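Given as structure tokens, the chain that follows is alone and in the form predicted on its own.
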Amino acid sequence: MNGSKEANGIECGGDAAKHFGFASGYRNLNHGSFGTYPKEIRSLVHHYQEEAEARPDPWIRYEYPRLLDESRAAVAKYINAPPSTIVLIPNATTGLNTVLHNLVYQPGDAIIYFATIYGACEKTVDYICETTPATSHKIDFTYPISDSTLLSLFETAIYHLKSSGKNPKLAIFDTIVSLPGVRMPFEQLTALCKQHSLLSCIDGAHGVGHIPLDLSKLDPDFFFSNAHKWLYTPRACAVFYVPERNQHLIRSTLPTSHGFIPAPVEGKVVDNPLPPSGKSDFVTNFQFVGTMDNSPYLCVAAALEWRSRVTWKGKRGEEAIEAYILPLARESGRIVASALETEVMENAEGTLGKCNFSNVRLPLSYAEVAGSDRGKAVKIAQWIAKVLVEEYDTFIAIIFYAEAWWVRLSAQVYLTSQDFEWAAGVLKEVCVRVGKGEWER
């Protein structure tokens, strides 16, 4: 892929790679798991940490809330949401936990979710069902399937629950599934939630900075998204969106902190020791959630400014990033699938790959290599991952899915097609080693 660098711009590819702090020789092919951020933003987060240590109380009590509001406003503008609906939290898992732990459940209430839910989120659903009257309904399916089939399965689940006397209270679904890395029809799922009077809870862990988002148009009931993955903020930083109509449902942060407003009890008063904010109860609640290093929250505007300088083929900013990464993701899949003589995971409509991931099947036989033993198959995936780290100085996300091994490739502004040509050769070599039984030694 070729482009031309604009004046004062950061050209995608080799030029952009210089802005990141990777060790010499390390290829970061798994941006999707933990993200990373430019070196100049690292300097900024260190600056905020130094400010906090120079004058701890004035910083935490007065300066930090002002800067936090600026970050909230910046990301609110970026995703087209009112600032009053946006707060910052550590990560998407915290977002789901905050929603599920705040809702009040009655006997018969059901939580709907899909088979590809993130593992930590499914465990959160399990915990809620163990400790409250809520039950869960899992929609089983296997990719690749069409969006229309997925939407039909969702409506069928709603009808089934209602006909059995249950109340579908909330549906959890992704913008982009983690593993395999595919795009869900979250816009249509949100619309169906409205149509059937369910609360929509969108896990946008791979959302902000990954795909264009307009939350005012989408209008979900709850939405959370990591900023430290695709937006280039330091870890940990995530966006939590709750429209004003639902903010009364989110009474407590996790953990509960000074902003919580208890139900009135005669004679009992618990004062908030922090300076009054003059903001809504929702925003005030999330402004201080225990003592922790919130410096990453303050780097949102800087991350957006860095993105605005990225260039590619006459485009700049968000347009340049999208014009570079999305085609690179598709190209990465073609390169690796061709070398391995396998295929890229995609449905007939081509909607799964409308994101910055590409999923490629490894040329390994479940029956021949693992004896159709799922436990052995998982061990093989773990062996491959460890070998990639220890012997090839890289990491590629691997999943055993639908009786096959798949690798999830993450495209980014600092990568080029040459990186994926290298990855293809490495994966081919490692698969040969698996076939020879090295994983058992």
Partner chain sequence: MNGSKEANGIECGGDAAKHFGFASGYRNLNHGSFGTYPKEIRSLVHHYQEEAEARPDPWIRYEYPRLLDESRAAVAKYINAPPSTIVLIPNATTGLNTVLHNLVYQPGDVIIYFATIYGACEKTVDYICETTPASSHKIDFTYPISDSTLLSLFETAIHTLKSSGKTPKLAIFDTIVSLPGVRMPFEQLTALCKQHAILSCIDGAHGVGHISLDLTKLDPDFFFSNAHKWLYTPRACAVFYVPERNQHLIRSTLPTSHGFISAPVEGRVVDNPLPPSGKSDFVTNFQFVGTMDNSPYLCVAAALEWRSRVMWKGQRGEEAIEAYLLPLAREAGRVVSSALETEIMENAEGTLGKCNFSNVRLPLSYAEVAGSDRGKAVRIAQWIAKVLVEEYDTFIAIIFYAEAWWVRLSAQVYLTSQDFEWAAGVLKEVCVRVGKGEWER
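Positions refer to the first chain, counted from 1. Small disclaimer: the values here were computed from a predicted structure and weren't measured.
This next part talks about the form predicted together with its partner chain, which is not shown.
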Worksheet entry | Three-residue site Tyr26, Glu50 and Pro90 fully in contact with its partner chain in the predicted complex at 4.5 Å by heavy atom | yes
Fill in: Which of 338-346, 180-188, 291-299, 68-76 sits within 4.5 Å of its partner chain in the predicted complex, heavy atom basis
291-299
Worksheet item: Looking at the partner-bound form in the predicted complex, is Phe141 within 4.5 Å of its partner chain by any heavy atom?
Response: no
Practice prompt. Would you please decide whether Ala263 lies within 4.5 angstroms of its partner chain in the predicted complex, comparing each non-hydrogen atom pair?
Written response: yes
Worksheet item: Does its partner chain get within 4.5 angstroms of any non-hydrogen atom of Gln247 in the predicted complex?
Response: no
Item to complete: Tell me, yes or no, whether Tyr159 is in contact with its partner chain in the predicted complex, where a contact means a heavy atom of each within 4.5 Å.
Response: no
Item to complete: Scan Gly165, Pro276, Gly350, Gly371 and let me know which has any heavy atom within 4.5 Å of its partner chain in the predicted complex.
Response: Pro276
Worksheet item: Among Thr94, Ser84, Thr135, Ser200, which has at least one heavy atom within 4.5 Å of its partner chain in the predicted complex?
Response: Thr94
Worksheet item: Relative to its partner chain in the predicted complex, which residues of 218-239 have a heavy atom no more than 4.5 Å away?
Response: His228, Arg235, Ala236
